[in-house]
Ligand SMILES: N[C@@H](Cc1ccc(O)cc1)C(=O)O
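So this first bit is one chain, no partners, the form predicted on its own, shown in structure tokens.
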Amino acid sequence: MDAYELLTRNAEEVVTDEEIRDLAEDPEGKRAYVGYEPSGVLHLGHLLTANKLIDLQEAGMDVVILLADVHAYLNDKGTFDEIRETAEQMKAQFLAYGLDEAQTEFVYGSEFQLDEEYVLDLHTLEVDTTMNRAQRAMAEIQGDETAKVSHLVYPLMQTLDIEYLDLDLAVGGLDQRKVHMLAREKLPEVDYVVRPALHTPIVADLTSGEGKMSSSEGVTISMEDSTEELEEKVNSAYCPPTRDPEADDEGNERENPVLELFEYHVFPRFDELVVERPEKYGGDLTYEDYETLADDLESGELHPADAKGTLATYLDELIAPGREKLREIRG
């Protein structure tokens, strides 16, 4: 797989393709980042972007993980001491998950976001940005919360982070798209260069296939889950024998979250998957790519129950090192 394929594998969107192709020409030592509010325990949402970061490292890029303590404080996630304690847990889990420590830099937002130059640039953006424009950028991240002044500042800070971290690429889930578009619009206004952005997909709700998987609503899988808990969640997941499920009775569109987890979490990390089955049910199946597995589910060669059991096994292998690290930290 060449550098361009590694950069764009499982990306929902790249902005722009031309800029990503230029970056792929010489990715060695270039810097990509993703920002996370410290939340303590990594879940599949974090790990989807982490898989992308591993791809970028394999292509030769360095990765910057912004542990956004100031952003978390603005979003009312605790005191700075509490936020930094959970951030340290996240650092350990990311490395346990498979990020290359030599190619990974962890940065607290408070290391540079409180400096005079940054604050003055932030005030400049505040002067030049309407409340409606900032609110549009933050809407998907904010969710149903009542808008606060801090919510309007939040995306402007993300815009400046891209400059102050000396980056070549911004990475985030598709819910970060509006923020990255704001950055491309606003950075030139303060005489900074725009950077390309890469957006990873949002996995559907595990139990219904609708909307998006969420750690605050519904069921998600995290590094805190035991093997038994993970198996229970996967075995209860929505998994019709198709990659294109019909809408529900109310017309809500649905995806197959089991297939999405194979595509975005498992196949990027394993060269080969084995579905173990008794001989009376056809014996073991071996897959080297996602498309073949999805085709077999659709044709009936692979039963949804066997797909779920296999998914649980490989997801457990991925999160087990992080689970052990959490146990060490907590004593």
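In case it trips you up, residue 1 is the first one in the sequence shown, and so on. In this text, all values refer to a predicted model and were calculated from it rather than measured experimentally.
From this point on, the text means the form predicted together with the ligand, which you will not see here.
Item to check | Residue (of L47, L293, L56, L66) lying close to the ligand in the predicted complex, criterion heavy atoms within 4.5 Å | outcome: In short, L66.
Next on the checklist: Between P268, G35, P304, P27, only one gets a heavy atom within 4.5 angstroms of the ligand in the predicted complex; which residue is that?
Outcome noted: Comparing distances to the ligand in the predicted complex, the residue within 4.5 Å is G35.
Checklist entry - Based on heavy atom distances of at most 4.5 Å to the ligand in the predicted complex, which listed stretch, 99-107, 155-163, 199-207, 249-257, is the contact stretch? => result Within 4.5 Å of the partner lies stretch 155-163.
Checklist entry - in the predicted complex, does Q93 have a heavy atom within 4.5 Å of the ligand? => result Although the ligand is absent here, Q93 would stay clear of it in the predicted complex, with no heavy atoms inside 4.5 Å.
Checklist entry - Across 169-189, which residues bring a heavy atom to within 4.5 Å of the ligand in the predicted complex? => result The stretch 169-189, when checked against the ligand in the predicted complex, contributes only Q176 at the 4.5 Å heavy-atom cut-off.
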